[in-house]
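Only one chain is shown below, in structure tokens, and it's the form predicted on its own.
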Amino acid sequence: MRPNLAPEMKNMWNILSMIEKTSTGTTRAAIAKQLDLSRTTVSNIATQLMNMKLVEELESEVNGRGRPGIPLRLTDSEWFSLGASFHGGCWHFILTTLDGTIVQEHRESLAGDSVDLFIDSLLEGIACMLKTVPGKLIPLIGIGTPGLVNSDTGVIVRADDMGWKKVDVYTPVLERFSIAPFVLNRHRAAGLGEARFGSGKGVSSLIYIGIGNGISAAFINDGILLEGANFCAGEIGHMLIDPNGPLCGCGRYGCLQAYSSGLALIRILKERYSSLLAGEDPLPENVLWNAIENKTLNAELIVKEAIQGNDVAIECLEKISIQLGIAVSNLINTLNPQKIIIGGTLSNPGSLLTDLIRKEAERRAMRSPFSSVQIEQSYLGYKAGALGAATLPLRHKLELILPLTNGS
């Protein structure tokens, strides 16, 4: 499930990582100097990496009077990584090269929210993507799912917004494809995507917050995801806002998720609708009232209407942003991050929700930590989760590919 790097592979990992960080290529001499290794050691390891088809040589470059250095870079046509993530009733699949360049995308929409449909659509999507791999697949599939996930076992412990408990994702994937999956929460996956390829690239202290029917965060330091003692780090949707507040799917009252998730946004709008119906004045025309009556209302529609200037939708979005701003201010005061990225299905349509959260957080956070943080909308948007899931095989590519090329 979680590949381990043997101690004797440390130099190989460091050299591969250095090559990976320089898109234009770096020479053996530069690597030896930077890592304080002998040129012989670097040359031998570089040869191994080329034999594994992880690294290739570029055209020589002349450095002074000596022999020309030969830059090394990651290959882009040999090995590929597959990631999948579930958002908004849809599986999104992404296939990438070793440097994260997207070469193929695919979506599988669900006609319902049952566990069987969820798993079947995942398997069908993976099968479809495997047919498109133009080379060899790194033998691990990254998967982002709703809920609290035990990433050691690949089991969704619970997904309160879906009403699920103990959903095994690992076993069906392994049995069907003989490829192990690495399963984690979809917003943690999205955070990894933003950290490596999005607006979090190069940021050492980063928080990603995904807001949809559930609310969750990824705490990332120097590219490393904080998972916690039993994978609960980042479950800010169950941060207690008011013990006398509305009932949350977890069974407690007053969680952030009960105040500010997509389901809460729908509840707030329906309460406004019921209040207007109970009044004496005629109901004003509004596409949202029609959606309620036609049973086509969803949180994404409310957000899109708010972005387009629908006053009722804006008021509802402002209401959920208050508790979100409180939560963000607490994270700023506690963790002092450099950047907070707001993503998920309620944020991806536009920057309005992010702007409202930033405004509320500024009112409530301590001045010093707020002055050093940037609060931004997700750069990768709907691609963040699947691309972040694809970073998991990429991160473990050396441990996964080395045994294959050694014939073991």
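Everything quoted here is computed from the prediction, not taken from an experiment. Note that residue numbering begins at 1 and tracks the sequence as displayed.
FYI, the form predicted together with a further copy of the same chain isn't displayed, but the following is about it.
- Checking T296, S114, T101, N230 for any heavy atom within 4.5 Å of a further copy of the same chain in the predicted complex turns up a single hit: N230.
- Screening V155, A306, I236, L288 for any heavy atom within 4.5 Å of a further copy of the same chain in the predicted complex leaves a single hit, I236.
- At the 4.5 Å threshold, heavy atoms of V169 stay clear of a further copy of the same chain in the predicted complex, well away from it.
- For the chain shown alone, G163 is not a contact residue for a further copy of the same chain in the predicted complex, no non-hydrogen atom being within 4.5 angstroms.
- Residue contact check for F219: one or more of its heavy atoms lie within 4.5 Å of a further copy of the same chain in the predicted complex.
- In the predicted complex, at least one heavy atom of I241 sits within 4.5 Å of a heavy atom of a further copy of the same chain.
- Heavy atoms within 4.5 Å of a further copy of the same chain in the predicted complex are found in one stretch of 267 to 275, 313 to 321, 179 to 187, 241 to 249, which is 241 to 249.
- Contact annotation for 191 to 210: a single residue, S205, has a non-hydrogen atom within 4.5 angstroms of a further copy of the same chain in the predicted complex.
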